[in-house]
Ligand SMILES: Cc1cc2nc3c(=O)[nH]c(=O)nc-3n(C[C@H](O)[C@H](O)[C@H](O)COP(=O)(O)O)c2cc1C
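A lone chain, given as structure tokens: the form predicted on its own.
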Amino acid sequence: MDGIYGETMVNLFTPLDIGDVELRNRVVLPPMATEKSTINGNPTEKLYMHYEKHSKGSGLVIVEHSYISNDGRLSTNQLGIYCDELIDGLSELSEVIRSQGAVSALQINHAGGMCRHGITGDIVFAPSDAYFEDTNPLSLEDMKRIKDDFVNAAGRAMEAGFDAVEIHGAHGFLLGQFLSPITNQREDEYGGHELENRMRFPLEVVKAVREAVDGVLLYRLGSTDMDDKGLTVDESAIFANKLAEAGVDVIDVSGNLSGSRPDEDEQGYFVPMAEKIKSAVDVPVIGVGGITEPAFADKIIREGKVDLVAVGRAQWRDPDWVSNAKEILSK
């Protein structure tokens, strides 16, 4: 396809086919919590208006993390996907996004040890009690229940009309907690020093969810803890390959215990990690990290470092970022 400069080259505005859907460009609106849901996790008119406003440019819109069960809930007004009664409201949300020409995805999540008793009212679970205070190590029975919760949530997302589901395995939430040797010091087959053990539960979740999702499946991979004792990018590259083998269609690369916004000044701070992951897999990879400039976003696509670029806060500030970017890059 001709690039926006008249060249035959993949660029920021080259469409991308993933499964049965076509993204109109390579720009992603990443999942960012709005706290615009009801206390029961239902979407509100404010949330619909937010996504209508911010879905008109990106090829892919990933809706903010939605809690799969009450014991995985992070905040009071977080979007929910934990019961069938939420499907109608989520159906309206997926339609709002689709009406703006974007492909819609819903991110599903369990916050694990980052949950607070004041929010969940329940026991707070983590892979082990090595890192988080006042948490209970997950039993094998609880792990099976949570895996089922992920599967049920994914099924609801499909029923609500979303084109895709993203499993959240980054930013120090539950699946990322299993992957990190800092937060996972279990002594069974699901933990410890060996990467094979630490990635076992996330992979079991992915394989089970894959069977429930007849659309596109994404995984948000927390690629590094940015800690000498933590998860490394080399380990994440191995894990990413396993994710692709398990049926993940797109890998969305971010940070793990380091969070989504580490103390970095330059835009694209997770792009080097994404480039490393991309070299290990044959599925599209999303790069992210405080990206604001169209020329930078276009450059990392053209150079083949990533396949898609997530532009979050910049699109929140300017809902016309994509159309403005196209104009800027065509000059």
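All residue numbers are counted from 1 along the displayed sequence. Predicted, not measured: the structure shown is a model, and the values here were computed from it.
Absent from the display: the form predicted in complex with the named molecule. The rest refers to it.
Interface residue among 41, 284, 290, 294, judged by heavy atoms within 4.5 Å of the named molecule in the predicted complex: 290.
In plain terms, the part of the chain that comes close to the named molecule in the predicted complex, with a heavy atom within 4.5 Å, is 166 to 174 out of 228 to 236, 206 to 214, 118 to 126, 166 to 174. At least one heavy atom of residue 312 is located within 4.5 Å of the named molecule in the predicted complex. In the predicted complex, at least one heavy atom of residue 260 sits within 4.5 Å of the named molecule. Residue contact check for residue 275: none of its heavy atoms lie within 4.5 Å of the named molecule in the predicted complex. None of the heavy atoms of residue 48 is located within 4.5 Å of the named molecule in the predicted complex.
In the predicted complex, not one residue of 134 to 156 has a heavy atom within 4.5 Å of the named molecule.
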